[in-house]
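First, one chain by itself: the form predicted alone, in structure tokens.
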Amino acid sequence: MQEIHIVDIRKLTEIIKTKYGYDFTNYAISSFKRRILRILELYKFSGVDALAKKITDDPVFFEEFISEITVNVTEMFRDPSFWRILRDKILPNILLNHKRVSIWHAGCSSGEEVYSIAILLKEMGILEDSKIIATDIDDRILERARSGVYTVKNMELNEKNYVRFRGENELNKYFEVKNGLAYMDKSLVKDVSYRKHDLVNGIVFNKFDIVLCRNVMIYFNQNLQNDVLKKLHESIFKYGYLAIGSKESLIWCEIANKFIVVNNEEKIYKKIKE
């Protein structure tokens, strides 16, 4: 296996930042390095210099590179207990004071989580009264999210999660199988706005009742997590909610005192201060 040195990583991130405006300088080094090694192997590059040249000369390849470097493993109703708490506690609390619910999926990846929330809202009878914005840094993965087409093999795990979530139907009510592919019911996401957005450099573009940013920040170092969490805080109405991944935490960051813990196990927080 090839070796990559810190100096190689720095040189590569500088080229990407200068040419394309994507800033990977504060990504967790071990995770970033692992993904670079995978790309070198996948595309048979002789080393980081060859990869850097290809990125510099070929913007189309750079889009592929972004897809590989930001790839997230995702599934529907991942951590079913999280989705139960969202349905049974968080959303009813919001609806005490609001007629509509606004939700931002930050780092929505290939869209399984977007369908999860849409199904949950539909079963609660409030999908029509909800506004969902789903964002990701990667154009290609956003296209996959928009298409709502998944392999049938992946649906087996999604169906198991849905059973554990205790949904009111069977998951297969929400998709059709054709030629080994599962086509999700597009009416679930007809009002979802899919947008390209960079959590690192992107602007704060709205205020929401709930922000879901689950299993995204594990790829960032602490400085970057801190910056991103400040943006997420700005994006939430007072007394709105933030949900992050089970291996992530707010405890150490600058805005920690502006939230209270609603559920420590599922990493759900409520904003109490601007």
Partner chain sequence: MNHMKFQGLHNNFKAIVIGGSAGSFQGITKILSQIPGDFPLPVIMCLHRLKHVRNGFIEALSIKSIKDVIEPYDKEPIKRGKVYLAPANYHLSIELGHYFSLSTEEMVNNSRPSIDITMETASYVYKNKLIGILLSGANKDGALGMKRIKDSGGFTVVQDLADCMIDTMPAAALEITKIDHTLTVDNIIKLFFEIHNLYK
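Just so it is clear, the model here is predicted, and its values are computed rather than measured. Residue numbers count along the first chain shown, from 1.
Note that the form predicted together with the partner chain isn't included here; everything after this is about it.
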{"property": "Partner-facing stretch of 213-221, 39-47, 231-239, 52-60, counted where any non-hydrogen atom is within 4.5 angstroms of the partner chain in the model of the complex", "result": "213-221"}
{"property": "The partner chain contact in the model of the complex: residue 81, any heavy atom under 4.5 Å", "result": "yes"}
{"property": "Exercise: residue 161 in contact with the partner chain in the model of the complex, heavy atom 4.5 Å", "result": "yes"}
{"property": "The partner chain contact in the model of the complex: residue 18, any heavy atom under 4.5 Å", "result": "no"}
{"property": "Any non-hydrogen atom of residue 227 within 4.5 angstroms of the partner chain in the model of the complex", "result": "no"}
{"property": "Interface residue in the model of the complex among 199, 124, 94, 157, criterion: non-hydrogen atom within 4.5 angstroms of the partner chain", "result": "157"}
{"property": "Heavy atom contacts to the partner chain in the model of the complex at 4.5 Å, residues of 237-274 in sequence order", "result": "246, 247, 248, 249, 252, 264, 265, 266, 267"}
